[in-house]
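What follows is a single chain, given as structure tokens, in the form predicted alone.
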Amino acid sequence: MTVGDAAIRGAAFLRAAGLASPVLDASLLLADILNTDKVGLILAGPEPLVEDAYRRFEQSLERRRAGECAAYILGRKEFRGLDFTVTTDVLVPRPDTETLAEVALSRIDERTRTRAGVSSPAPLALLDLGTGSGALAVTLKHERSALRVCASDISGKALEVARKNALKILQPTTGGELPISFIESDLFDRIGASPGPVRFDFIISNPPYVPTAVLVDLAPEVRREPPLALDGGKDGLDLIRRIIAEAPPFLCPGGTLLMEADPDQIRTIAGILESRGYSDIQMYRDLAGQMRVIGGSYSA
């Protein structure tokens, strides 16, 4: 059997199981076993596949059919071109969340321009609340190296994953120093109790926002992700309400709060932000044209 034949069989196996992206998943799993990428897999198509490699490929396919997502099987997930380690202790980074990263970068650049005439301005500070794998915190630090970044999570195991990602992706450019402050905290409870900024120009979060009753209806691979990172309470807004209410003392004057949410929740969140005294409330669409990110500034 050739590599190409195995890829076709693998895709057919996953398609028969009713999975949404059988060709992509089969290709990713086989490429990982062969220690190559998608281009290398195509080039290797005519080559014979050794029996041991095919056996391991079948095992990966069985795990995927059983409802384990490809990212957990591979132990990694790409986010904005960076390779993040993921485990079952963290939410898998998703393309939707790249919208939050893009909005944050745009707002960071905008704030940097407004301070262009200030003599020796302090570096902008950002808090990634509920960092999970660290995808947002590490990406933003990677793309804007002058940014002071703190990342917090209620889960110590998630923070271990985030630290590993920071070390893997950022440490080669920082001379061995960990360039992000990590804090184990239930939202803002311990922010300021550890080294790092106490007030931030930006607070960003991809909080749990799935209504509790909806969790049972999620795809099998999503239900395997940490419930703590998904369950947003009865209407999905429990954590979002807390973040909006508790963020102001931790924002610099005119600081910005940015959050990802379900498109159906965005306008409700806008009302909550307004009622709590936030201004310049803006909503942003993802690549599918759905409202995905919302933010507001706080000056009081």
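Residue numbers run from 1 along the displayed sequence. This one's a predicted model, so the numbers in the text were calculated from it and none came from an experiment.
Quick note: we don't show the form predicted together with a small molecule, though the next part is all about it.
Comment: the small molecule is not present in this chain, but in the predicted complex one of S152, S133, T139, N206 has a heavy atom within 4.5 Å of it, namely N206.
Comment: the small molecule is not present in this chain, but in the predicted complex one of L105, V198, A122, V222 has a heavy atom within 4.5 Å of it, namely V222. Comment: 225-233 is the region of 225-233, 156-164, 107-115, 70-78 lying near the small molecule in the predicted complex, near meaning a non-hydrogen atom within 4.5 Å. Although the partner is absent from this view, R94 contacts the small molecule in the predicted complex, with a non-hydrogen atom inside 4.5 angstroms.
Contact annotation: V210 falls within 4.5 Å of the small molecule in the predicted complex, judged by heavy atom distances.
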